[in-house]
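Take a look at this one chain, the form predicted alone, written out in structure tokens.
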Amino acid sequence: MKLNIYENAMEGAIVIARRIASLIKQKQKEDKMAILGLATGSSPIEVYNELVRLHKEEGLSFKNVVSFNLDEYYQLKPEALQSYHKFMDDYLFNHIDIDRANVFVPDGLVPVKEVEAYCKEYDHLIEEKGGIDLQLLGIGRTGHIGFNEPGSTIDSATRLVTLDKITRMDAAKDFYSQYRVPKQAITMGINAIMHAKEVYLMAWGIGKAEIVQKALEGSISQLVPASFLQRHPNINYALDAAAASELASVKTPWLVGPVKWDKKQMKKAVVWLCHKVNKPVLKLTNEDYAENGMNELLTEQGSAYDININVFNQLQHTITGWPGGKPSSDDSQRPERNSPYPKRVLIFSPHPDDDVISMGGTLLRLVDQGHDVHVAYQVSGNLAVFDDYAFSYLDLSIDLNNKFGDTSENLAELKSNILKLMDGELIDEKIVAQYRILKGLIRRNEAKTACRYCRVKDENVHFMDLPFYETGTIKKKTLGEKDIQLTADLINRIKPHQLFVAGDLSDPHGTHRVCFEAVKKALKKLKKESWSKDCRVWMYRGAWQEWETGEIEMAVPISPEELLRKRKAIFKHQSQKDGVLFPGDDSREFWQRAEDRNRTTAKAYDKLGMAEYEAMEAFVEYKF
């Protein structure tokens, strides 16, 4: 088993793409065909982007490639937006010189009476071509590879399967609703995957961490089909740091082998030990350390007492009610410096509500404490507005115009055209674009209202509408130079002393991840600017997850009154209230998720022996 952990998905994807290119070139020299097993979903997108680049810029030819895709939804037309036929065309086949006669994607429209024979022929064709040379795989949260759901056997063949509820929930973001996701799919079986000569399993993001740990370190079981890969003679796991975070070698390396005990590693280990033995830091004993695999730390540091004091102080010093630094005070033990004061603060919010959902309490504190706070909304979020909500705004606009003497012909015509569009009677990109504009304006005005409630100046609210997002579909463009330059220009214009960015990488739609990447690349461009030396970057989470307690570097307490103010700020985003269009696997409203996570963080600190607070927002510094 080969395990490679990369800083990010892009880095891992480039390595995999180059390995595929190497295989293709080697087969070309041998005058043979390279047989590739290909996957869909978000995991392989960057691999395909790099392969396309290699073809266009470095002359990599795919004329000697035969490809077999893993799966396809059943009863879904190949031209449908969510079909894997279209996915492969959009991301790979339309951009390379592969012979279409050598492209094989399961046919989701095979009549049910013919499915069994069709699937047998698919397996036979793979064998006839000599078997798969290199198989790409993602992994679902159920542990599925392809659509081989829990219960699949190691010798399973290509077949029609029923999709797990969790799989359908995860696919809901592509279909606008869980109820529109097909219930069945045709999938290549595990048998063909296990007979591939080389396999790469990719997993990116914190949302995959739990199932990755089960697949790599758990027992081999039909309940986790990906665990069968432990038996494969040439399996390569490609993970980013987030997806690898639950592996023992990453989460608890002291239980696996010798570690370098710096301050951060010590804090992480002691917090883990506190949770394991259910004790606050200052009550841990030598026996607790010795009995739980931490003798090495005990030997190095001398005694539990010394370790406990060290870690207690580290945790205590992360807590601050002054997220922008407390002016005219000793800042040696605080996470933020006391000067300059006031600070120019720039908060990047991927969607038009992530700022108040994830760090609303801290935002309110920064404004209350006199800092010059700017908020930049990176994307419009126009897809996440229900049709009936958008229509209510359209009706209101028509009624207002009629009331004040405007005939509203343009608005009335737009409403009529949108109704036809929804009924399938009209396909007009201009009308679709206008509808997106309407929804984007709704979210923009909600964000303005929330900022005013938080007393952020109107001129300090920035709407970026990054181009990568504005495709009109769930599938977005790759982050481009224009996205990065727009981000760099805004940062350089404000010259912040403090910058907050979403590090919530488990966002199931990927927008947070791309927006963070835009900021990172922009900061890299700006690192020679004089102001950047005095800028600190803080990563927040909260919409989809929270930082582990041992990782937190700044914890901002929130009082009951402040938590209520935060809730009211979130409520200003009315289109996202009472249910959202893309909820992921969490049915709670965002304000409920945020409050639960904030309270959980406060309770975790309380259990470690810190002061008891109503709630806390947590941050980790990003060193750029």
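Keep in mind that what you see is a predicted model, and the values were worked out from it rather than measured. So that there is no doubt, residue numbering starts at 1 and follows the sequence shown.
Although it is not shown, the form predicted in complex with a small molecule is what the next lines describe.
Trainee: Check whether I357 has any heavy atom within 4.5 Å of a heavy atom of the small molecule in the model of the complex, and answer yes or no.
Mentor: It does not: once the small molecule is placed as it appears in the model of the complex, I357 has no heavy atom within 4.5 Å of it.
Trainee: Should K343 be classed as touching the small molecule in the model of the complex when contacts are defined as heavy atoms within 4.5 Å?
Mentor: No - in the model of the complex, heavy atoms of K343 and the small molecule never come within 4.5 Å of each other.
Trainee: Quick one: is D240 in contact with the small molecule in the model of the complex, heavy atoms, 4.5 Å cut-off?
Mentor: D240: no contact with the small molecule in the model of the complex.
Trainee: Answer with yes or no whether G503 is in contact with the small molecule in the model of the complex, where contact means some heavy atom within 4.5 Å.
Mentor: Although the small molecule is absent here, G503 would stay clear of it in the model of the complex, with no heavy atoms inside 4.5 Å.
Trainee: Could you spot which one of P323, G140, G361, G189 gets a heavy atom to within 4.5 Å of the small molecule in the model of the complex?
Mentor: Going through each option in turn, the one that passes is G140.
Trainee: Give me the residue from R443, H351, H144, H497 that has a heavy atom within 4.5 Å of the small molecule in the model of the complex.
Mentor: Comparing distances to the small molecule in the model of the complex, the residue within 4.5 Å is H144.
Trainee: Among 230 to 238, 266 to 274, 69 to 77, 456 to 464, which stretch sits within 4.5 Å of the small molecule in the model of the complex, heavy atoms only?
Mentor: Stretch 69 to 77 is the one.
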